[in-house]
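Here we start with a single chain on its own, the form predicted on its own, put down as C-alpha coordinates.
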Amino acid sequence: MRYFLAIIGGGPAGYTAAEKASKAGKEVVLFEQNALGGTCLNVGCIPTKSLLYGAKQYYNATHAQKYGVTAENVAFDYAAMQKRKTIVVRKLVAGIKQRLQNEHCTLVSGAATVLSYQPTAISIQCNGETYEAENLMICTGSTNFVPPIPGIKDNPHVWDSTDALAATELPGKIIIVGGGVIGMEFATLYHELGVEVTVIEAMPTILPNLDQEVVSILKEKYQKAGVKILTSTKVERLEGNEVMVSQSNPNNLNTPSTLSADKILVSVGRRANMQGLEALTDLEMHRGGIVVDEFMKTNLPNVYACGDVTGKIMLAHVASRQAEVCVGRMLRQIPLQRIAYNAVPSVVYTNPEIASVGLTEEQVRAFYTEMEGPAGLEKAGGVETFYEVRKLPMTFSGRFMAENDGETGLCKMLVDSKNKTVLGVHMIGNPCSEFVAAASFAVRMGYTVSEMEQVIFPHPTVSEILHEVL
(Lines give C-alpha, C1' and ligand atoms only; values in the text may rest on other atoms or scores of the structure.)
Protein backbone atom coordinates (compact mmCIF):
# COMPACT_ATOMS: atom_id res chain seq x y z
CA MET A 1 0.00 0.00 0.00
CA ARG A 2 1.20 3.49 -0.82
CA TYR A 3 0.57 6.11 1.86
CA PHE A 4 0.12 9.82 1.45
CA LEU A 5 2.20 10.46 4.55
CA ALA A 6 4.68 8.40 6.55
CA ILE A 7 5.65 9.74 9.96
CA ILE A 8 8.65 8.49 11.90
CA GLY A 9 8.14 9.21 15.58
CA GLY A 10 4.96 9.22 17.65
CA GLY A 11 5.66 12.10 20.00
CA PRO A 12 3.65 15.35 20.18
CA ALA A 13 4.65 16.30 16.63
CA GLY A 14 4.10 12.85 15.16
CA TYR A 15 0.74 11.98 16.66
CA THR A 16 -0.62 15.51 16.09
CA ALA A 17 0.35 15.35 12.41
CA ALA A 18 -1.06 11.84 12.04
CA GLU A 19 -4.42 12.81 13.51
CA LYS A 20 -4.71 16.01 11.46
CA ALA A 21 -3.81 14.33 8.14
CA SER A 22 -6.02 11.30 8.84
CA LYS A 23 -8.97 13.55 9.66
CA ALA A 24 -8.49 15.14 6.25
CA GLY A 25 -9.03 11.72 4.67
CA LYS A 26 -5.39 10.95 3.86
CA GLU A 27 -3.75 7.54 4.26
CA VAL A 28 -1.19 7.86 7.05
CA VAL A 29 1.28 5.43 8.60
CA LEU A 30 2.96 6.29 11.88
CA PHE A 31 6.07 4.48 13.15
CA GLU A 32 7.05 4.52 16.82
CA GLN A 33 9.74 2.29 18.28
CA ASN A 34 8.88 2.86 21.94
CA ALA A 35 5.53 4.21 23.12
CA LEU A 36 3.17 6.75 21.63
CA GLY A 37 3.58 10.17 23.21
CA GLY A 38 7.35 10.31 22.84
CA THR A 39 9.71 11.71 25.43
CA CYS A 40 7.22 14.25 26.79
CA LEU A 41 4.52 11.79 27.74
CA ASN A 42 6.63 8.78 28.69
CA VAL A 43 9.89 10.04 30.19
CA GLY A 44 9.54 13.82 30.32
CA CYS A 45 6.77 16.35 30.87
CA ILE A 46 3.98 14.19 32.25
CA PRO A 47 5.97 11.84 34.52
CA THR A 48 7.87 14.74 36.10
CA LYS A 49 4.69 16.73 36.68
CA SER A 50 2.98 13.71 38.24
CA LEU A 51 5.86 13.27 40.70
CA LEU A 52 6.17 17.01 41.30
CA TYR A 53 2.48 17.19 42.16
CA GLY A 54 2.92 14.41 44.71
CA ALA A 55 5.92 16.22 46.19
CA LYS A 56 3.91 19.46 46.32
CA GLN A 57 1.11 17.72 48.23
CA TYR A 58 3.62 16.49 50.79
CA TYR A 59 5.26 19.93 50.99
CA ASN A 60 1.89 21.64 51.45
CA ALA A 61 0.89 19.19 54.17
CA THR A 62 4.08 19.78 56.11
CA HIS A 63 3.64 23.56 55.78
CA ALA A 64 -0.13 23.66 56.39
CA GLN A 65 0.05 25.26 59.82
CA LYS A 66 0.29 28.76 58.36
CA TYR A 67 -3.19 28.19 56.90
CA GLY A 68 -4.60 27.11 60.23
CA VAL A 69 -4.37 23.40 59.44
CA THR A 70 -2.51 20.94 61.66
CA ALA A 71 -1.31 17.75 59.99
CA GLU A 72 0.40 15.14 62.13
CA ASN A 73 2.62 12.23 61.12
CA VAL A 74 2.72 13.33 57.49
CA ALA A 75 4.60 10.84 55.34
CA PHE A 76 5.01 9.91 51.70
CA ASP A 77 5.50 6.68 49.78
CA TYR A 78 7.78 7.32 46.81
CA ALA A 79 7.09 3.92 45.29
CA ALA A 80 3.37 4.75 45.39
CA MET A 81 4.07 8.09 43.72
CA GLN A 82 5.92 6.23 40.98
CA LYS A 83 3.05 3.77 40.59
CA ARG A 84 0.55 6.61 40.20
CA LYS A 85 2.85 8.27 37.65
CA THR A 86 2.89 5.08 35.60
CA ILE A 87 -0.90 4.81 35.66
CA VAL A 88 -1.26 8.42 34.48
CA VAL A 89 1.16 7.83 31.60
CA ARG A 90 -0.52 4.58 30.52
CA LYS A 91 -3.95 6.21 30.42
CA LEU A 92 -2.71 9.09 28.29
CA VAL A 93 -0.82 6.79 25.90
CA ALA A 94 -3.94 4.65 25.50
CA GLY A 95 -5.96 7.79 24.77
CA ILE A 96 -3.62 8.85 21.98
CA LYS A 97 -3.68 5.37 20.46
CA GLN A 98 -7.47 5.30 20.52
CA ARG A 99 -7.74 8.71 18.85
CA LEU A 100 -5.44 7.65 16.01
CA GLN A 101 -7.26 4.36 15.55
CA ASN A 102 -10.56 6.24 15.41
CA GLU A 103 -9.15 8.18 12.46
CA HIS A 104 -7.97 4.92 10.81
CA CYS A 105 -4.31 5.83 11.01
CA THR A 106 -1.97 2.86 10.54
CA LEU A 107 0.23 2.41 13.62
CA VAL A 108 3.45 0.42 13.35
CA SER A 109 5.45 -0.42 16.47
CA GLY A 110 9.16 -0.67 15.74
CA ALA A 111 12.28 1.21 14.67
CA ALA A 112 11.78 2.64 11.19
CA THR A 113 14.61 3.14 8.71
CA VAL A 114 14.51 5.12 5.50
CA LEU A 115 15.58 2.70 2.75
CA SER A 116 15.58 5.04 -0.20
CA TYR A 117 14.50 8.52 -1.18
CA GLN A 118 13.16 9.89 -4.44
CA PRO A 119 11.38 13.23 -4.87
CA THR A 120 8.13 11.38 -5.58
CA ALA A 121 8.48 8.31 -3.35
CA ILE A 122 10.06 7.38 -0.06
CA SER A 123 10.66 3.78 1.04
CA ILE A 124 10.70 2.95 4.74
CA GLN A 125 11.46 -0.37 6.39
CA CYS A 126 10.19 -1.49 9.77
CA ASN A 127 10.08 -4.99 11.26
CA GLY A 128 11.16 -6.46 7.92
CA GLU A 129 8.26 -4.85 6.02
CA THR A 130 8.63 -2.08 3.43
CA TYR A 131 6.27 0.90 3.25
CA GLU A 132 5.96 3.44 0.43
CA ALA A 133 4.84 7.04 0.90
CA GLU A 134 4.52 10.25 -1.11
CA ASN A 135 5.59 12.41 1.83
CA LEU A 136 7.82 11.85 4.83
CA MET A 137 7.64 13.66 8.14
CA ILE A 138 10.59 13.23 10.49
CA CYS A 139 9.53 13.49 14.14
CA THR A 140 12.28 11.42 15.73
CA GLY A 141 12.69 13.74 18.69
CA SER A 142 15.78 14.01 20.84
CA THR A 143 17.84 12.04 23.34
CA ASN A 144 19.69 12.99 26.51
CA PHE A 145 23.08 14.51 25.76
CA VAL A 146 25.95 12.85 27.59
CA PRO A 147 28.79 15.35 28.00
CA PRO A 148 32.37 14.11 27.46
CA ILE A 149 33.26 14.22 31.14
CA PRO A 150 35.86 11.66 32.24
CA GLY A 151 34.33 9.03 34.51
CA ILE A 152 30.72 9.57 33.46
CA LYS A 153 30.35 6.61 31.10
CA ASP A 154 29.19 3.31 32.63
CA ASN A 155 29.21 4.91 36.08
CA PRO A 156 26.56 3.21 38.27
CA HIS A 157 26.20 6.36 40.36
CA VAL A 158 25.18 8.47 37.32
CA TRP A 159 21.58 9.00 36.26
CA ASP A 160 20.03 10.75 33.30
CA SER A 161 16.46 12.05 33.55
CA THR A 162 15.01 8.74 32.35
CA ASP A 163 16.88 6.83 35.07
CA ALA A 164 15.71 9.30 37.71
CA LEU A 165 12.08 8.95 36.67
CA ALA A 166 12.28 5.15 36.82
CA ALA A 167 13.82 4.94 40.30
CA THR A 168 11.47 3.73 43.03
CA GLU A 169 13.71 4.84 45.89
CA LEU A 170 15.10 8.26 46.68
CA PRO A 171 18.79 8.93 47.21
CA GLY A 172 19.77 10.55 50.48
CA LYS A 173 21.95 13.04 48.65
CA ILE A 174 22.05 14.02 44.99
CA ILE A 175 24.21 16.22 42.78
CA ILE A 176 22.46 17.64 39.72
CA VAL A 177 24.79 18.61 36.89
CA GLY A 178 22.94 21.26 34.90
CA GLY A 179 20.83 24.12 36.21
CA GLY A 180 18.46 24.35 33.27
CA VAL A 181 14.74 23.59 33.28
CA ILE A 182 15.13 19.82 33.74
CA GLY A 183 17.75 20.20 36.44
CA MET A 184 15.78 22.73 38.47
CA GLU A 185 12.56 20.75 38.27
CA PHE A 186 14.34 17.67 39.60
CA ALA A 187 15.95 19.86 42.26
CA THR A 188 12.44 20.87 43.32
CA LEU A 189 11.20 17.28 43.43
CA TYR A 190 14.07 15.96 45.50
CA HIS A 191 14.30 18.94 47.84
CA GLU A 192 10.60 18.84 48.72
CA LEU A 193 10.93 15.13 49.54
CA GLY A 194 13.85 15.72 51.90
CA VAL A 195 16.81 14.85 49.69
CA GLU A 196 19.99 16.92 50.11
CA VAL A 197 20.41 18.68 46.75
CA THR A 198 23.39 20.35 45.09
CA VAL A 199 23.03 21.93 41.63
CA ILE A 200 26.15 22.52 39.53
CA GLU A 201 25.85 24.92 36.59
CA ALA A 202 28.70 25.93 34.30
CA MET A 203 27.00 29.19 33.31
CA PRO A 204 27.01 32.26 35.58
CA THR A 205 23.34 31.65 36.39
CA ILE A 206 20.76 28.90 36.55
CA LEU A 207 17.99 29.01 33.92
CA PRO A 208 20.14 31.28 31.72
CA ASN A 209 17.52 31.68 28.97
CA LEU A 210 14.94 33.22 31.30
CA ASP A 211 14.57 36.76 32.62
CA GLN A 212 17.23 37.00 35.28
CA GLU A 213 15.30 39.22 37.67
CA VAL A 214 12.70 36.48 37.93
CA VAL A 215 15.34 33.75 38.19
CA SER A 216 17.11 35.57 41.03
CA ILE A 217 13.95 35.31 43.15
CA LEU A 218 13.83 31.55 42.72
CA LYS A 219 17.54 31.14 43.35
CA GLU A 220 17.41 33.15 46.57
CA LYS A 221 14.46 31.17 47.89
CA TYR A 222 16.03 27.80 47.10
CA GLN A 223 19.37 28.73 48.63
CA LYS A 224 17.63 29.89 51.82
CA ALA A 225 15.75 26.58 51.87
CA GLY A 226 19.01 24.65 51.77
CA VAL A 227 19.50 23.82 48.08
CA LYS A 228 23.16 24.36 47.20
CA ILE A 229 23.45 26.13 43.84
CA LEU A 230 26.95 26.42 42.40
CA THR A 231 27.13 28.59 39.29
CA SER A 232 30.20 29.24 37.11
CA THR A 233 31.28 25.79 38.20
CA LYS A 234 32.73 23.23 35.81
CA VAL A 235 32.70 19.48 36.35
CA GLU A 236 36.20 18.24 35.53
CA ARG A 237 35.74 14.52 36.11
CA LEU A 238 33.89 11.86 38.06
CA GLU A 239 35.33 9.11 40.18
CA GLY A 240 32.55 6.82 41.32
CA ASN A 241 30.18 8.94 43.38
CA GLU A 242 32.65 11.83 43.64
CA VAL A 243 32.52 14.92 41.41
CA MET A 244 35.65 17.00 40.90
CA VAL A 245 34.86 20.63 40.08
CA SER A 246 36.68 23.86 39.30
CA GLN A 247 35.36 27.28 40.29
CA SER A 248 35.32 30.62 38.49
CA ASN A 249 32.69 32.22 40.73
CA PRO A 250 34.29 34.11 43.68
CA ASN A 251 31.17 33.41 45.74
CA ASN A 252 31.91 29.67 45.56
CA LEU A 253 35.58 29.76 46.53
CA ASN A 254 34.85 28.09 49.87
CA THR A 255 33.23 25.14 48.10
CA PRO A 256 35.33 21.95 48.18
CA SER A 257 36.84 20.92 44.86
CA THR A 258 35.48 17.40 45.39
CA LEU A 259 31.79 16.79 46.05
CA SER A 260 30.09 13.47 46.69
CA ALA A 261 26.54 12.14 46.61
CA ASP A 262 24.57 8.91 46.39
CA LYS A 263 23.50 9.76 42.85
CA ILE A 264 24.67 12.21 40.20
CA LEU A 265 21.93 13.35 37.84
CA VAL A 266 23.28 14.70 34.55
CA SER A 267 20.84 17.02 32.77
CA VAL A 268 22.81 19.26 30.42
CA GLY A 269 20.52 19.23 27.41
CA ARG A 270 19.28 17.07 24.58
CA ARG A 271 20.38 16.32 21.03
CA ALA A 272 18.36 15.54 17.89
CA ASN A 273 17.86 11.85 17.20
CA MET A 274 18.90 11.04 13.63
CA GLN A 275 18.86 7.26 13.85
CA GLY A 276 17.36 5.54 10.80
CA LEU A 277 17.74 8.57 8.53
CA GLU A 278 21.16 7.72 7.10
CA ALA A 279 19.76 7.24 3.58
CA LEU A 280 18.84 10.94 3.43
CA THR A 281 22.41 11.87 2.58
CA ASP A 282 21.56 15.31 1.17
CA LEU A 283 19.41 16.39 4.12
CA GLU A 284 20.56 19.83 5.24
CA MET A 285 21.63 20.08 8.88
CA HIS A 286 22.67 22.93 11.13
CA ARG A 287 24.14 22.55 14.62
CA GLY A 288 22.83 19.02 14.90
CA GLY A 289 19.25 19.83 13.84
CA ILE A 290 17.41 19.44 10.56
CA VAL A 291 17.04 22.73 8.69
CA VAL A 292 13.41 23.57 7.86
CA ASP A 293 11.56 26.53 6.42
CA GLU A 294 8.58 28.32 7.98
CA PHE A 295 6.31 25.41 6.97
CA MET A 296 8.68 22.75 8.37
CA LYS A 297 9.80 21.68 4.89
CA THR A 298 13.39 20.46 4.51
CA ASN A 299 15.63 21.01 1.50
CA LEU A 300 14.41 17.67 0.11
CA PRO A 301 11.10 17.74 -1.80
CA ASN A 302 8.29 16.02 0.11
CA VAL A 303 10.37 15.63 3.28
CA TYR A 304 9.36 17.54 6.39
CA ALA A 305 10.62 17.67 9.98
CA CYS A 306 8.92 18.75 13.20
CA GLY A 307 9.72 18.82 16.90
CA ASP A 308 13.01 18.45 18.73
CA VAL A 309 14.78 17.02 15.68
CA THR A 310 14.75 20.49 14.12
CA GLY A 311 16.81 21.85 17.01
CA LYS A 312 14.59 24.92 17.32
CA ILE A 313 12.64 25.16 20.59
CA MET A 314 12.49 21.77 22.31
CA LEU A 315 9.03 22.02 23.85
CA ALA A 316 6.09 19.68 23.31
CA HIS A 317 3.64 22.47 22.51
CA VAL A 318 6.02 23.86 19.89
CA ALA A 319 6.29 20.41 18.30
CA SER A 320 2.50 20.10 18.15
CA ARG A 321 2.11 23.53 16.57
CA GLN A 322 4.85 22.78 14.03
CA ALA A 323 2.97 19.62 13.06
CA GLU A 324 -0.28 21.52 12.56
CA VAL A 325 1.41 24.12 10.35
CA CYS A 326 3.30 21.42 8.45
CA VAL A 327 0.25 19.31 7.63
CA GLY A 328 -1.68 22.43 6.67
CA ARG A 329 1.03 23.27 4.16
CA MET A 330 1.18 19.69 2.92
CA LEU A 331 -2.59 19.69 2.32
CA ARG A 332 -2.42 23.18 0.79
CA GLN A 333 -5.00 24.49 3.22
CA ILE A 334 -5.81 28.19 2.82
CA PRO A 335 -4.88 30.41 4.50
CA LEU A 336 -1.44 28.95 5.16
CA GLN A 337 -0.58 29.31 8.82
CA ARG A 338 2.80 30.10 10.35
CA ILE A 339 4.43 29.67 13.73
CA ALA A 340 4.85 32.66 16.02
CA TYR A 341 8.15 31.70 17.63
CA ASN A 342 8.22 35.09 19.36
CA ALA A 343 5.13 34.14 21.36
CA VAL A 344 5.98 30.66 22.62
CA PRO A 345 5.14 30.39 26.33
CA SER A 346 7.46 28.43 28.58
CA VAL A 347 7.03 27.16 32.12
CA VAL A 348 9.46 25.90 34.74
CA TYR A 349 7.57 23.74 37.24
CA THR A 350 9.55 24.69 40.28
CA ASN A 351 7.84 25.81 43.48
CA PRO A 352 7.01 28.61 42.87
CA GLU A 353 6.45 28.21 39.16
CA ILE A 354 8.07 30.43 36.56
CA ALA A 355 6.15 31.26 33.38
CA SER A 356 7.24 33.54 30.57
CA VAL A 357 6.60 34.53 26.99
CA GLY A 358 8.28 36.94 24.58
CA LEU A 359 11.53 38.78 25.06
CA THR A 360 13.40 38.89 28.35
CA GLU A 361 14.81 42.21 29.52
CA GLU A 362 18.28 41.02 28.52
CA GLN A 363 17.01 40.27 25.01
CA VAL A 364 15.14 43.59 24.79
CA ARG A 365 18.29 45.51 25.67
CA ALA A 366 20.32 43.55 23.13
CA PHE A 367 17.67 44.14 20.44
CA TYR A 368 17.52 47.90 20.82
CA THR A 369 21.29 48.15 21.17
CA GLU A 370 21.73 46.38 17.85
CA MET A 371 18.93 48.34 16.15
CA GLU A 372 20.04 51.79 17.26
CA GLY A 373 23.80 51.40 17.43
CA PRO A 374 26.09 53.46 19.70
CA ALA A 375 25.15 56.78 18.09
CA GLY A 376 21.43 56.17 18.41
CA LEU A 377 21.71 55.09 22.02
CA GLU A 378 23.77 58.13 22.94
CA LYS A 379 21.36 60.48 21.23
CA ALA A 380 18.35 58.94 22.96
CA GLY A 381 19.97 58.92 26.37
CA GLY A 382 20.61 55.19 26.72
CA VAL A 383 18.97 51.91 25.83
CA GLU A 384 16.55 52.26 28.75
CA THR A 385 14.66 54.99 26.88
CA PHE A 386 13.45 52.50 24.25
CA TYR A 387 11.49 50.23 26.56
CA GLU A 388 9.53 50.29 29.78
CA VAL A 389 9.54 47.79 32.63
CA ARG A 390 6.22 47.46 34.40
CA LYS A 391 6.30 45.13 37.37
CA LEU A 392 4.43 44.33 40.53
CA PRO A 393 4.70 41.72 43.28
CA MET A 394 2.14 38.95 42.86
CA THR A 395 0.75 40.06 46.20
CA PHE A 396 -1.23 42.73 44.34
CA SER A 397 -3.57 39.84 43.53
CA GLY A 398 -5.97 39.03 46.36
CA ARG A 399 -6.25 35.40 45.27
CA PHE A 400 -2.46 35.06 45.35
CA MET A 401 -2.35 36.48 48.87
CA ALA A 402 -5.06 34.07 50.02
CA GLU A 403 -3.30 30.98 48.69
CA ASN A 404 0.43 31.75 48.86
CA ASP A 405 1.15 32.79 52.42
CA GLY A 406 4.68 34.08 52.87
CA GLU A 407 5.35 34.34 49.13
CA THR A 408 5.88 37.54 47.16
CA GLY A 409 6.34 36.56 43.52
CA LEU A 410 6.69 38.95 40.63
CA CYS A 411 4.92 39.88 37.40
CA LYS A 412 7.14 41.76 34.98
CA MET A 413 5.99 43.20 31.67
CA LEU A 414 8.28 44.70 29.02
CA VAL A 415 6.71 47.34 26.79
CA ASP A 416 8.01 49.24 23.77
CA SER A 417 8.27 52.92 24.79
CA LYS A 418 7.12 54.30 21.45
CA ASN A 419 4.11 52.24 20.42
CA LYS A 420 3.35 50.66 23.81
CA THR A 421 3.19 47.07 22.48
CA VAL A 422 3.82 44.22 24.88
CA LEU A 423 7.23 42.66 24.19
CA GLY A 424 7.38 40.08 26.95
CA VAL A 425 5.84 38.92 30.21
CA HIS A 426 7.75 37.07 32.93
CA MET A 427 6.24 35.78 36.16
CA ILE A 428 7.16 33.82 39.24
CA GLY A 429 4.44 32.65 41.59
CA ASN A 430 1.84 29.89 41.71
CA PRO A 431 -0.11 29.20 39.55
CA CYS A 432 1.25 31.45 36.80
CA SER A 433 1.55 28.49 34.41
CA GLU A 434 -2.24 28.41 34.21
CA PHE A 435 -2.66 31.92 32.78
CA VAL A 436 0.56 32.61 30.87
CA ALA A 437 -1.44 31.76 27.73
CA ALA A 438 -3.23 35.10 28.13
CA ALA A 439 0.12 36.87 28.01
CA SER A 440 1.13 34.69 25.04
CA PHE A 441 -1.99 35.82 23.20
CA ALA A 442 -1.11 39.47 23.87
CA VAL A 443 2.43 39.05 22.52
CA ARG A 444 1.24 36.99 19.54
CA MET A 445 -1.37 39.56 18.50
CA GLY A 446 0.82 42.58 19.17
CA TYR A 447 -1.47 44.01 21.84
CA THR A 448 -0.77 47.47 23.15
CA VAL A 449 -1.11 48.39 26.80
CA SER A 450 -4.37 50.19 25.96
CA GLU A 451 -5.80 47.08 24.33
CA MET A 452 -4.83 44.89 27.28
CA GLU A 453 -6.46 47.35 29.67
CA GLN A 454 -9.77 46.61 27.95
CA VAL A 455 -9.54 42.87 28.69
CA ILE A 456 -11.72 41.83 31.64
CA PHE A 457 -10.10 39.37 34.04
CA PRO A 458 -12.26 37.38 36.49
CA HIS A 459 -12.05 38.32 40.15
CA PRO A 460 -10.59 37.00 42.33
CA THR A 461 -7.96 35.22 40.26
CA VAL A 462 -4.19 35.41 40.19
CA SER A 463 -4.46 36.21 36.49
CA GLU A 464 -5.64 39.71 37.44
CA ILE A 465 -1.98 40.56 37.97
CA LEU A 466 -1.69 40.92 34.20
CA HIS A 467 -4.18 43.78 34.41
CA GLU A 468 -2.79 45.30 37.58
CA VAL A 469 0.73 45.52 36.19
CA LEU A 470 -0.42 47.71 33.30
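Each residue number is its position in the shown sequence, starting from 1. Being a predicted model, the structure only gives us computed values, none of them experimental.
Below, we refer to the form predicted in complex with ligand NAD, which is not included among the displayed structures.
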property: Contact residue in the model of the complex, from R365, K221, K263, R270 (heavy atom within 4.5 Å of ligand NAD); result: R270
property: Proximity to ligand NAD in the model of the complex, single hit among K412, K49, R444, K56 (heavy atom within 4.5 Å); result: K49
property: Contact segment among 132 to 140, 67 to 75, 104 to 112, 343 to 351, judged by heavy atoms lying within 4.5 Å of ligand NAD in the model of the complex; result: 343 to 351
property: Contact test in the model of the complex: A187 vs ligand NAD, heavy atoms, 4.5 Å; result: no
property: is_contact(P208, ligand NAD) in the model of the complex, heavy atom dist at most 4.5 Å; result: yes
property: In the model of the complex, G358 touching ligand NAD (heavy atom, 4.5 Å); result: no
property: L300: touches ligand NAD in the model of the complex, heavy atom cutoff 4.5 angstroms; result: no
property: Heavy atom of each of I149, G180 and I200 within 4.5 Å of ligand NAD in the model of the complex; result: yes
property: Neighbours of ligand NAD in the model of the complex among 95 to 118 [non-hydrogen atom within 4.5 angstroms]; result: none
